[in-house]
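Here we start with a single chain on its own, the form predicted alone, put down as structure tokens.
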Amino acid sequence: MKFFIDSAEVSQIAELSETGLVDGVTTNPSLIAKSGRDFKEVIKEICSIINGPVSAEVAATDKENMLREGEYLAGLAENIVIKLPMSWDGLKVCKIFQEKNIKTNLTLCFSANQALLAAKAGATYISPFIGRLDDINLDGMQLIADIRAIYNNYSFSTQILAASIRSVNHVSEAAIIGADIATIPPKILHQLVNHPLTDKGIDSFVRDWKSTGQSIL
């Protein structure tokens, strides 16, 4: 499974990229707004740090303006992926960009039917929102499983990008089902390494080693 960072905070992205665990980045208007910075400058800076795909979302919702904005954003850096809304106009633009070899990420997916349409339109990535489905008492992880089954049935190349991840369990469950990518908030990525038994074991090893009075170096 690939790990994308779901953030527009450049300092966090730079720190996490040093681990070698980061394969890409996803942004959206809400994350850009939280950063308080100019959208284009943030995107270009992230692309200079991350070699992998960086999703930049269009602000328009109509076909013509999505095309204009998407083509402009694609010109900012070679690793830009154009994030499009899951709508009829979004699907039309997705197909056009697919023919132009511009990578796309269809976002705000909440059903297997939407994911099927995205794959048929040639989307590079589909972003099912796990957490938001869980918020309304629907099973977000079941959606990942349904999409995985459909894509396997027909050998679609569209990659499943598990989004709206709210917990470490979301990451492991999506990996077990077979999501290609998880886009993870920095806080959740840091939590993946934690386990109380690991902490307890490290404390025990440190205590026992100190009792020997020895030094490795």
Ligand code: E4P
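Residue positions are given as counts along the sequence shown, with the first one as 1. Here the structure is a predicted model, which is why all the values come from computation and not from measurement.
There is also a form predicted together with this ligand; it is not shown, and the following applies to it.
Of the heavy atoms in L31, some are within 4.5 Å of this ligand in the model of the complex. Contact annotation for T158: none of its heavy atoms lies within 4.5 Å of this ligand in the model of the complex. This ligand is not drawn, but in the model of the complex it has no heavy atom within 4.5 Å of K120. With a 4.5 Å cutoff on heavy atoms, K95 does not count as touching this ligand in the model of the complex; it lies far away. The three residues K83, A163 and T183 all sit with a heavy atom within 4.5 Å of this ligand in the model of the complex. Only one of 69-77, 87-95, 125-133, 138-146 lies within 4.5 Å of this ligand in the model of the complex by heavy atoms, and it is 125-133.
Residues of 199-217 include none with a non-hydrogen atom no more than 4.5 angstroms from this ligand in the model of the complex.
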